[in-house]
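Quick setup: one chain, the form predicted alone, written in structure tokens, and binding and motion questions come after.
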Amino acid sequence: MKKIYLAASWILFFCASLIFSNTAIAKIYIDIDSPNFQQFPIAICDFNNLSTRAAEPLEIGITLADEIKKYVAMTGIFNILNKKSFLEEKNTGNPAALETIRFSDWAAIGADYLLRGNITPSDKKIIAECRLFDVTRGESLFNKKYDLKIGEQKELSKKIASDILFILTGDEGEFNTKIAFVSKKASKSDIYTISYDGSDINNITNHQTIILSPHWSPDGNFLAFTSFKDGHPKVYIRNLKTGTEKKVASFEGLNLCGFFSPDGKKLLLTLSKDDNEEIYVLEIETAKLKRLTHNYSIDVSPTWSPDGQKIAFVSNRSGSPQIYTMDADGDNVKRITYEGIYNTSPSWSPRGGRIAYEGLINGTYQIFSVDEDGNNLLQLTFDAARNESPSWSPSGRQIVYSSKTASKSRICIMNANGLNIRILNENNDALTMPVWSPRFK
């Protein structure tokens, strides 16, 4: 195999500014896609419980801090410092009091950022105040109050983690997203969803048959997929709020589901109704169908670019399955993968610029990404597992994929540069075809 370029493209610097009360304007630059990227050290203090009731448990402030640490760690951007290393005494006053913080103590333990806060729980709600500091500059990055009901500590921790990520990267993160995937046992399979933190696994379909290629609508309200529940492969769209399903493609032969368009009005399909697997686009409301490819080869697995102007797909027109791109109307077809003899399952980054896919190398499948023009190839996984079906997060900073060994099947998440691999779910059943949802509001 020819040389694979291990250096990822540099990302444009992200500059974010949040303005809260008494907040300085922050300009933080983080490049997490560099192969030399090192996690940023952050100290997250236990929140002080300011309740005047003696019976109020102090553990709530500790629990909240631990939950924030958990979500911040999931991003792969930060190194969470052990609180046993903290030199400064526990904060007993207002976390917004800049003059009370000895930044030299935090710098001495290697912290770049510091989060401190107070909570005031009552019978029905929790009021939390927290402040994020840039230790090196001795500046406040944000100061914010949160008001949530008792029992919503998990949501509170996600909100705070999201604000930390936003002020430092300009993006709110994936905390309010889900992953849809197919779980297969013997010949029966169905679609499930799981939250970003690995909780809340839900059974979405009850077809108990072969199910393929689930895809989210851009608003997160629908899932499109292929099902054999009627004995033949047909494409359905399921309303996730009502549970109703609509059959949208039931032509003779293969009906394989592709991605929704960025505006949610169209659906890419692979159909064999004209005796050969070709790519089509379906207008969902009118059922108008347009053929995009016209080739004697097999053309499958289409996915839209984030602006809807291009489509990536798989074709064996060169003799083996490779990744191609074309304009949204089917013109200007261009091959972009040349390394390897079997490359498939393309997924276009929401940020544009790069396409992830699975490729066969040394007898097993691994995850790769490449620029949309075919340059700067990057291998992301290197283990002995069968790694397949990459799907980008809404921010374009993480990728979910399936990973199968002889004994286990997993849904895994990694950063876009291949680092910080996290097992989202593990099972003896086959877990396949994961696809990331949009953000839920």
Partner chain sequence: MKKNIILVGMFIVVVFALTIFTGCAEKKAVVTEGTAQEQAAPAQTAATTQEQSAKVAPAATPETAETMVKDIFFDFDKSNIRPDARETLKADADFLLKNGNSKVVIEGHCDERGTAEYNMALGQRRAQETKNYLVNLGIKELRIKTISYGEERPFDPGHNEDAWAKNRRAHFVVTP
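Numbering follows the first chain given and starts at 1. Here the structure is a predicted model, which means the values were calculated and not measured.
Note that the form predicted in complex with its partner chain isn't included here; everything after this is about it.
Taken together, 80, 164 and 196 are entirely out of contact with its partner chain in the predicted complex: none brings a heavy atom within 4.5 Å. A single residue from the set 243, 110, 319, 151 has any heavy atom within 4.5 angstroms of its partner chain in the predicted complex; that residue is 319.
Interface residue among 169, 344, 293, 217, judged by heavy atoms within 4.5 Å of its partner chain in the predicted complex: 344.
The shortest heavy atom separation between residue 71 and its partner chain in the predicted complex exceeds 4.5 Å. At a distance threshold of 4.5 angstroms between non-hydrogen atoms, residue 408 is out of contact with its partner chain in the predicted complex. Although the partner is absent here, residue 301 lies within 4.5 Å of its partner chain in the predicted complex, judged by heavy atoms. Remark: residue 86 does not count among the residues lining its partner chain in the predicted complex, judged by a heavy atom distance of 4.5 Å or less. Contact annotation: its partner chain lies within 4.5 Å of heavy atoms from the stretch 269-277 in the predicted complex, the single such stretch among 156-164, 269-277, 111-119, 327-335.
In the predicted complex, its partner chain lies within 4.5 angstroms of at least one heavy atom of each of the following residues of 232-249: 232, 233, in sequence order.
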